[in-house]
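Only one chain is shown below, in structure tokens, and it's the form predicted on its own.
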């Protein structure tokens, strides 16, 4: 859990860079499904993998790998006995370390560990004073800096917002370079085209060195299956690039129940597991022991408009179910986040994000992409939303990482000898010993009386968040980096960009 100095927790103008390793969870997982329910779901998963099959499309090399492993390949549909798929998945690591440029910020993914990363993939950004707009590289750099600076975010992801002012085929180079130089936390690499994945791997080797990369996971790719029941070449080519180099891959079926999966939550959960396990097996055929994270992004939808809905009971339950199934499969899990369909940071955003994130926490997701900043169903990154969400993540860090302390000091027997009936504990020795860390104090919440609030300008949460992130950027200082490595990375990016014609689509 991140160490905190009191002044950083209680003053928005002092929020700064603090060590922020992952959460080492002590709270038990919430497992609501009984043995019969688990058995029925796993039977459905196995039926999909061995009888229905999953299509692996537009990648002949992927089909060759499956055929060599003895799978039944009918055109591009792959079927294999479920026990063989599950046996392949057992070679994946139950937990692994993603090494950061700053080793103190390395994270462990899997087991009882939880890692929070910001939103991924939004083409738009929004802030309180400039409104909604297409994201630029300037916006992107600001968001990377904020993710680096915030102690409750352990990982900076990659596409915190899509920099639309850079050609499509070149922007991955600028994004990866920004994560490597503006931050020293772990991050992801590009996946949208095979050469872009390879660029990310090559840059990671420059940053960390060949020997370190040979022995450690230093970068991961995050891909989505093309549900229902389709794995396209973006996924298989990314796996062949990342996993062959011993690096990690996060594979997430993105299912809107009623569209990319059946309208029932149970069927969609089983489909998500089948797709993810088949891809996991493929990754292990490419390289046994390659780090793999099983993902689930299941959303309900409005059957009137087709729009996705978030924070609803069906996706909440899917988080719990997928958590149990992933642990039984022995695989690290990615799911959930602070998700909402709201356009701004309003009550709808708060309710939906809280319900989504709380179930993510209880379900035991090991890697949480979209933990902060998500608006408009993922179309927009909110600057204020990023800070507001990250502020609330601090309470989860304390809850997950500490649980209930029942030590002698926590039971406070000496305080009862000091305080008489009808008295108070404010001046007791026990209170003085513990007051600095007794309670989590959210940075952005205002718990003072109304007179104090009015004297401070009657600011609401959005304004306080705006003041917080703009103040953070004024104080930003880049983490140190070896100048020779930085120059080599910049040279690599410049050469690759010079070799590529601009492509804007």
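Numbering follows the first chain given and starts at 1. Predicted model only: the values in this text are computed from it and were never measured.
Although it is not shown, the form predicted in complex with a further copy of the same chain is what the next lines describe.
Of the stretches 203 to 211, 104 to 112, 159 to 167, 310 to 318, only 310 to 318 has residues with a heavy atom within 4.5 Å of a further copy of the same chain in the model of the complex. a further copy of the same chain in the model of the complex is approached by residue 37, whose closest heavy atom lies within 4.5 angstroms of it.
Contact check for residue 257: a non-hydrogen atom falls within 4.5 Å of a further copy of the same chain in the model of the complex. Interface membership of residue 29, defined by any non-hydrogen atom within 4.5 Å of a further copy of the same chain in the model of the complex, is confirmed. Contact check for residue 189: every heavy atom lies farther than 4.5 Å from a further copy of the same chain in the model of the complex. Here is the short version: of 198, 181, 300, 216, the single residue with a heavy atom within 4.5 Å of a further copy of the same chain in the model of the complex is 300. This chain lacks the partner; the member of 152, 222, 271, 236 within 4.5 angstroms of a further copy of the same chain in the model of the complex by a non-hydrogen atom is 271. For the three marked residues, 72, 366 and 496, no heavy atom of any sits within 4.5 Å of a further copy of the same chain in the model of the complex. Contacts of stretch 343 to 380 with a further copy of the same chain in the model of the complex, defined by any heavy atom lying within 4.5 Å, are made by 343, 344, 345, 346, 347, 348, 350, 351, 352, 353, 354, 355, 358, 359, 362, 376, listed in sequence order.
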